[in-house]
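Quick heads-up: it's one chain on its own, the form predicted alone, in structure tokens.
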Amino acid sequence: MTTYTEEYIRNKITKELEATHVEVVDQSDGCGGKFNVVVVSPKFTGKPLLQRHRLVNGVLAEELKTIHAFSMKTLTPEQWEQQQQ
């Protein structure tokens, strides 16, 4: 079974979704099976939550076959800015 690192997940999401900010936390004690991510991308602008999640799931389709748990928060750059204030 292939295990994935925080860096691998972060790099793939950043590249494929042109993300301006990606946080990835491996919550699986190092086995690479449980991740929590925050993704900020202009590609999410004007898209409802379900479409945003489908974009992320599409990018990680192969990886999600072996990841046991994957939770995500998807934000536009504007939403991210508002949360940082």
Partner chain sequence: MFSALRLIRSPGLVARYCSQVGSKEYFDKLVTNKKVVIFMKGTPDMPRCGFSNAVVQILRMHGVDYDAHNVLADESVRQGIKEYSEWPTIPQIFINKEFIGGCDILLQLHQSGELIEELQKVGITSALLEAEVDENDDKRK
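Note that this is a predicted model, so its numbers are computed, not measured. Residue numbers count along the first chain shown, from 1.
The next section is about a form of this same protein that is not shown, the form predicted together with its partner chain.
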Should the three residues Val22, Val38 and Lys47 be counted as contacting its partner chain in the predicted bound form, with contact defined as a heavy atom within 4.5 Å for each? no
So, in the predicted bound form, is Lys43 in contact with its partner chain at a 4.5 angstroms heavy atom limit? no
How about Asn11: is it within 4.5 Å of its partner chain in the predicted bound form, going by heavy atoms? no
Which residues from 52-85 come close to its partner chain in the predicted bound form, meaning a heavy atom within 4.5 Å? His53, Arg54, Asn57, Leu64, Ala69, Phe70, Ser71, Met72
